[in-house]
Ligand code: NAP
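First comes one chain, alone, set out as C-alpha cells in the form predicted alone.
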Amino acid sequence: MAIIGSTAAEMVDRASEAVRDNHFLEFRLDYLEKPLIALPKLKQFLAENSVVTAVATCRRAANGGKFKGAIAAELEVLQKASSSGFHLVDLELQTAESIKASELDKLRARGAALIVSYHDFQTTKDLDGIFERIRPYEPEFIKIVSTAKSLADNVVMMHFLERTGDMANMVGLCMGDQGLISRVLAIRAGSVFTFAAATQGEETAPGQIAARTLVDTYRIGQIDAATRVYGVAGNPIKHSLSPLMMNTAFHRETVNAVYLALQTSKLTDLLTLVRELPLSGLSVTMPLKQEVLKHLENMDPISAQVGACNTIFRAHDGKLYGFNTDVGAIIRPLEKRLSLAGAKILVLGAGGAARAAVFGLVNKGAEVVVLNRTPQTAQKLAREAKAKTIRREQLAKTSFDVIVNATPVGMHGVKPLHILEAKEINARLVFDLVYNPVDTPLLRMARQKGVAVVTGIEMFVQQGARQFEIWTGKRAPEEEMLRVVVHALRQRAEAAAAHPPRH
C-alpha cells in the first residue's frame, strides 16, 4: 500500500490508519517537501509498529516521481531511510546505471534489501531487455512496471512474470486503466507483491486502485491457479459496478472466480485476452455487442434475432457461446407494472440495448416506436423488428404507455445530459436503462411531471443475475447483488453532492 503526504505528520497519520488493514507499506518520500527532515518521525513510527514491512521510495521527477533533487540527494535520502528502520529501498534502474558500484555498495551496506525498478509510462515493450539490464545489480527484488495500451499488454506482462519468476524475486504490473487485470492477477503469475493506493484519491500511479477494493472486491488474497476469470468488456467501463456486483455474487455463493473491468473498443484485443488468459466468460457492453457475434460458435435464439449479445460463455474447448440477458432484464420490470400486449412504447436509441428492448417488446405484442439520433439506423432496426419510427418533432404531441431510454445519455461522464425535453415526456411510465447515476436527468424530469419511473438498477441486476446463472449453474443471489449496487450508487451520489464539479 502506497503512503503519501506532504509532511511527516501527514504520512504518519495515513500510515497509522493503513496499518490496521495492511502491514506492507511503501512510503513515497518523494512526495515530501523535505524528506530528510521527515525521517526521524518515520523512524519513530516504524519503531512503534514492528509489524510493518516498510519500503522507502524517493523517485526522481525524471523517472516519473516527484523528487526534484539530484541523484546524490536521492541516494542520501535512501541511505538514511535504510538507517531509519526501512526494510527495503526502491532505486530506479536509471539511477543505478548512472552511479559507481561503490555508491551502490554503500547504499546496500545500510542493511535494507534493494529493489531495482523500472517504470515505462508510455507503453509495454522489451520487458526481457529491461530485466537483463537490471540482473547484473543482483537486487533482492526486480520491479518492472509498464503501461498497458491494450488488454493484451497484460498478457505480455504476465507471461513475462511466468518466464522470469524462477530467476529472481519479480514484481511486475501494468499501469493505466487497461492495466487492472495485471494488478489483480500478477501475483498469480509470479509477482511477489502488487501495489495499491491507501484510499481512493491517493493513487501514486495511473490506474492504481485502493487497497480495500483490491482486497474486498477482487479478493486478491484468495486468487489461485484454479480461479476462473470473467470480465465486463467495453468502453467506457471505468465507472461500471459490474465488478462489485459479480464479485459479491461469486463470494456469496462460494464460486472460485474473479470478475474484472476490461476497457477496450477493439474486439481483436479482447479476443486475444479471452484466448491467452484465458477468460471463462464475458459481459459485453458498448460498442462490442453486435460485432462479437461473428466470433461465436453458437448463440441463443434471442441473440440471433436481436443481432446483439451481452453474455459470452467459453466452453472447455475454447469455443465461445453467446446469450442475451438484456432482453429478459428489460421485459421483466415492465411486465410487473403493465400488460405489454398492445402497449404503445417509445424506445430511444438503436444500439445493442435498444435492439434488445425493441425485439423483446415486439415479441410481447407491444406497438414499438423507435427514435434515434441517426434516422437511418432507427429505420433499419424498425424494419427488422417490425416496429415503427417517429420524428423528433412529433414527440411533443404523441403519447405513449412507456418511454424506454436505451442510449447512454444521462450516464455518469457521458454528454449531453438530456435526451428529451419535459414537453416530450408524454407517458404513463419512463424506464431509463442507465443505472449510474440512479436518478438520471430523464427520470428527474419524468417525476416532476408526475410520471412513474423504473430505474436502470432493476435491469442491471436482472441481466447480471442471469449471467451469473449461465456461468455457474447456480441461482444468483439477487437480493445481495441489488443491495451492494444500491449502496455503492448511494455512496457515489453523496460523494458527488459533497464535491460538485467546478465549471
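Counting begins at 1, following the sequence as shown. Keep in mind it's a predicted model, so treat the numbers as computed, not measured.
Just so you know, the form predicted in complex with the named molecule exists too; it's not on screen, but the next bit is about it.
Peer 1: Heavy atoms within 4.5 Å of the named molecule in the predicted bound form: which stretch in 251-259, 144-152, 413-421, 295-303 meets that?
Peer 2: It is 413-421 that comes within 4.5 Å of the partner.
Peer 1: Only one of Ser102, Thr374, Thr268, Gln122 has a non-hydrogen atom within 4.5 angstroms of the named molecule in the predicted bound form; which is it?
Peer 2: Selected option: Thr374.
Peer 1: Sort through Leu277, Val409, Leu244, Ile237 and report the residue having a heavy atom within 4.5 Å of the named molecule in the predicted bound form.
Peer 2: Checked against the cut-off, the match is Val409.
Peer 1: Any chance all of Gly349, Ala353 and Tyr435 sit within 4.5 Å of the named molecule in the predicted bound form, going by non-hydrogen atoms?
Peer 2: Yes, the whole trio is in contact, each within 4.5 Å by some heavy atom.
Peer 1: Even though the named molecule is not shown here, does Met459 get within 4.5 Å of it in the predicted bound form, heavy atoms only?
Peer 2: Result yes; Met459 sits at the interface with the named molecule in the predicted bound form.
Peer 1: Indicate whether the named molecule has at least one heavy atom within 4.5 Å of a heavy atom of Gln467 in the predicted bound form.
Peer 2: No, Gln467 is distant from the partner.
Peer 1: Consider Ala382 of the chain shown here, and say whether it contacts the named molecule in the predicted bound form, taking contact as heavy atoms within 4.5 Å.
Peer 2: So Ala382 does not count as contacting the named molecule.
Peer 1: Does Gln463 reach the named molecule in the predicted bound form if we count a contact as any heavy atom within 4.5 Å?
Peer 2: Gln463: contacts the named molecule in the predicted bound form.
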